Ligand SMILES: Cc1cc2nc3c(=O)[nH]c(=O)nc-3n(C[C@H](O)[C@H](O)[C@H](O)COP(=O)(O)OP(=O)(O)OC[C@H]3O[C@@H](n4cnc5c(N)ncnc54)[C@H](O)[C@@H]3O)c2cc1C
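Listed next as structure tokens is one chain, alone, in the form predicted alone.
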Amino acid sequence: MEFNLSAGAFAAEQKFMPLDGKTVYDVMILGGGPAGLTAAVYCMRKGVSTAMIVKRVGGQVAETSGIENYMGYRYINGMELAEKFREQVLQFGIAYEEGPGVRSVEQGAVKKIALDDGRTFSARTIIVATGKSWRKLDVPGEDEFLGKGVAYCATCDAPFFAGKDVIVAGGGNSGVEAAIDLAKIARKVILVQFLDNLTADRVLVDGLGRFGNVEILLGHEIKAITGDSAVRAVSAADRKTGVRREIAADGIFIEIGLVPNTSPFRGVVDLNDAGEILIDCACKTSAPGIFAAGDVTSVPFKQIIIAGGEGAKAALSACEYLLRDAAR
């Protein structure tokens, strides 16, 4: 089943309105993943004027092959779940913009949000829910086979590769953890590491060594992902000799890290060493009136259900802030 999550589909519902550059919104939500969409529902139920600026509806959820750990569904495709979130938001009218990225944010009693296309919008509070982006290999076939054997989240997608041959790209903590999870159910796991050694914690490396169905390929760089209707092979080159090796596989997990989408907020809110937005238990950032939720924040365990809960908290905190501000 396919869903059209484009801006056109939203406009067709006639529930979404274009953003107005002259309006000062009560809440501006940046991001359209589980955190941002949940925040939108909570804000609109509170009756505050709400706007959303979304790069892509669904976020990482829309890139997930299948989900079995979200309550209420034994199994659901990532795009289907993103559509369910969209339908929930469609109960309400909301100012909505999809496509342009956020270039910068200016702090103040009224915050200014500048987009890549030059437009500027205003709001009394901001909820940052821009999430993270997978760090990609940038090789041929990576985008073509996304959801067809190319995956980025072992926690989400490992069960779908039971009894199959799988490659893991990356020898850090996330890569070795993914290899361990896959080794429990896959027929064979080949871990391909760019460096000449694994950089994961020793306890993880030792744990991986207990599996007899794991092969570790050090000092190799993945050059291409090939297949037909799904992934069939991965090409890896020895970094010293340049010799290529074609590895038959049913899928590849690219586990070379995530990058928080926080560049527009540097210098506006405090970030941790990983570039994530630091928040307290109420989703407050270091800047008054700016809240954050989901994978873009310092909250541990990046999961859909956690992001949704954090989005609800951020919305309630923003509404509480508006009430206190109005009472002054």
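Whichever C-alpha set is largest while still superposing within 1.5 Å between the two forms counts as the rigid core. This one's a predicted model, so the numbers in the text were calculated from it and none came from an experiment. We number the residues from 1 along the sequence you see.
The form predicted in complex with this ligand exists for this protein as well; it is not shown, and the discussion that follows is about that form.
With the partner omitted from this view, the residue of Val268, Ile67, Met44, Val299 that lies near this ligand in the predicted complex is Ile67 [heavy atom within 4.5 Å]. The closest heavy atom approach of Gln60 to this ligand in the predicted complex falls within 4.5 Å. Taking non-hydrogen atoms only, Gly149 never approaches this ligand to within 4.5 angstroms in the predicted complex. Contact check for Pro264: a non-hydrogen atom falls within 4.5 Å of this ligand in the predicted complex.
Contact check for Lys132: a non-hydrogen atom falls within 4.5 Å of this ligand in the predicted complex. For the three residues Gly33, Arg56 and Val102, a heavy atom within 4.5 Å of this ligand turns up in the predicted complex in every case. None of 160-168, 185-193, 234-242, 94-102 except one has non-hydrogen atoms within 4.5 angstroms of this ligand in the predicted complex; the exception is 94-102. Ser174 is among the residues whose C-alpha shifts by 2 Å or more between this form and the one not shown once the rigid core is aligned.
Once both forms are fitted on their core, the CA shift for Glu106 between this form and the one not shown remains under 2 Å. Note on Thr155 and Ala129: their C-alpha atoms are more widely spaced in the predicted complex, a change of at least 3 Å from this conformation. Inter-residue distance, Thr155 to Ala40 (Cα): increased by at least 3 Å in the predicted complex versus the depicted form.
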